[in-house]
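In the form predicted on its own, a lone chain appears below as structure tokens.
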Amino acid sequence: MNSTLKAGLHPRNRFNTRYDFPQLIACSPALAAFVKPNAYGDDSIDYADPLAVKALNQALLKQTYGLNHWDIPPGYLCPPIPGRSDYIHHLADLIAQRRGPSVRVLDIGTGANCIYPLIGASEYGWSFVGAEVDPAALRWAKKIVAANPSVAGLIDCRLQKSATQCFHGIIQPGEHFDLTLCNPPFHGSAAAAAEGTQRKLRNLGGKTVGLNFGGKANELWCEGGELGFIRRMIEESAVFAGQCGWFTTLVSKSEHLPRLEQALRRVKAATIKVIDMAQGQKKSRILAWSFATPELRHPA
């Protein structure tokens, strides 16, 4: 196996070396139809083809975690596994790599793919609540969870009835979470989301403009885009300050950080952290905040 490390990924990321496609195909034979030599003569897939990416994801989840049943319905977001895994590992560092179901995590916008709870439950044994505003996506996520016994008892998927709220209607009275996580909608409009998809395809050398990586409106865009979404989340988080140890979200655009940090100071967050992430040339970051002092973040 070629053990070349992928630049920027977390050291505990199980996907931080080049894929061993023969082993992956042995584990998940359906992947074979999408594997062929790239320009350098190495086995690879066409990352601009969502069916190929889905087949790769299925093989990775099956080989690495024994998750034999994972799929997404047509038109929904197909997530890259290494980057999603990185977020989970950085969150584990935030809580000193604590393990087990006593660690409770809330995933805002879990999606039909339910990928963060699947990885977090498999890697660390954490228990998850996955909140989702799309009823069809929620049904699909529940189907995935139920089909994988190793995580079925650790993941609870709940419907968020309001498209403008993150925590209201999900966090119940007396309920406590060690962490919240979120991959927020990036774009501010459907047109911007479509252009972003086409740009991604061009960067990957995609020739068929009809293909894309999927994603429904609530997955890709919302009023105010990423900045507006996270600012609303920050305001709402203050209401649940005593029920969550750490609130976190991905932030794709670094230029948003000053205004987000200003919003956090306005709601009197006690601690603010920015955790840089990278996957090759792609840069991102996690914004984390807490209203509690360290000794109060994890009540007994």
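The first residue of the sequence shown is number 1, and the count goes up from there. The structure displayed is predicted, hence computed values, not measured ones.
There is another form of this protein, the form predicted in complex with a small molecule, and it is not shown here; the text below is about that form.
Heavy atom within 4.5 Å of the small molecule in the predicted bound form - residue from 154, 94, 133, 171:
Of the listed residues, the single hit is 133.
Select from the listed residues 121, 108, 88, 145 the one whose heavy atoms reach within 4.5 Å of the small molecule in the predicted bound form.
Flagged contact: 108.
Residues 9, 24 and 61 are flagged as a possible site; in the predicted bound form, is every one of them within 4.5 Å of the small molecule by some non-hydrogen atom?
No, none of the three is in contact.
So, residue 229 and the small molecule: in the predicted bound form, are they within 4.5 Å at any heavy atom pair?
Output for residue 229 is yes: heavy atoms within 4.5 Å of the small molecule.
Does residue 77 reach the small molecule in the predicted bound form, with heavy atoms at most 4.5 Å apart?
Yes, residue 77 lies within 4.5 Å of the small molecule in the predicted bound form.
Is residue 84 one of the residues lying within 4.5 Å of the small molecule in the predicted bound form, judged by heavy atom distances?
Output for residue 84 is yes: heavy atoms within 4.5 Å of the small molecule.
Does any part of residue 183 reach within 4.5 Å of the small molecule in the predicted bound form? Heavy atoms only, please.
Yes.
Spot the stretch among 171-179, 96-104, 145-153, 113-121 with residues whose non-hydrogen atoms come within 4.5 Å of the small molecule in the predicted bound form.
In the other structure, the partner sits against 113-121.
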